[in-house]
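Shown next as structure tokens: one chain only, the form predicted alone.
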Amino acid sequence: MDRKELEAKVIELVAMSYNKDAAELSTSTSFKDELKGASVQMVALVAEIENELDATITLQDAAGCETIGDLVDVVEEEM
């Protein structure tokens, strides 16, 4: 999976976990400022990433991401 495919998949998973339209999200979307999700949504997102992408990431690493692009970087490192 190349970077663009990974970005698209992570955006799709974020959209599903945060109940957003994937078309409105990008790698520069901020979790804190734009998504304003609860921690339970981040837990669900981490679980989905692990299931869909076979990448083991910690909740702490995911929660430390400011943007979707930061999360893509973390996932890419673990694949």
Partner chain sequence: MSVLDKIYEKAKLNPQKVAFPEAANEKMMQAAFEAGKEGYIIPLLVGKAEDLRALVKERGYEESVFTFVDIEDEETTAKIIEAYVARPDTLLKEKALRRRMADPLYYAMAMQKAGEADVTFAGIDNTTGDVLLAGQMMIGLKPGISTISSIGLADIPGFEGSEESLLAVGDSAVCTNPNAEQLADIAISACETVQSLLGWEPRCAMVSYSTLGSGQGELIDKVTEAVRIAKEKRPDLNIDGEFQLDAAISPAVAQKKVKRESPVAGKANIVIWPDLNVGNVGVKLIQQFGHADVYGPMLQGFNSVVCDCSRGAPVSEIKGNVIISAVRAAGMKKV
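This structure is a prediction, so every number in the text was calculated from the model and none was measured. Positions refer to the first chain, counted from 1.
Below, we refer to the form predicted together with its partner chain, which is not included among the displayed structures.
Might Ser26 be said to contact its partner chain in the model of the complex, defining contact as any heavy atom within 4.5 Å? No, Ser26 stays farther than 4.5 Å from its partner chain in the model of the complex.
Contact with its partner chain in the model of the complex for Glu34, defined as at least one heavy atom pair within 4.5 Å: yes or no? Answer no; every heavy atom of Glu34 is more than 4.5 Å from its partner chain in the model of the complex.
Interface membership of Ala22, its partner chain in the model of the complex, 4.5 Å heavy atom rule: Contact check for Ala22: no, nothing within 4.5 Å of its partner chain in the model of the complex.
At 4.5 Å between heavy atoms, is Ala15 in contact with its partner chain in the model of the complex? Contact check for Ala15: no, nothing within 4.5 Å of its partner chain in the model of the complex.
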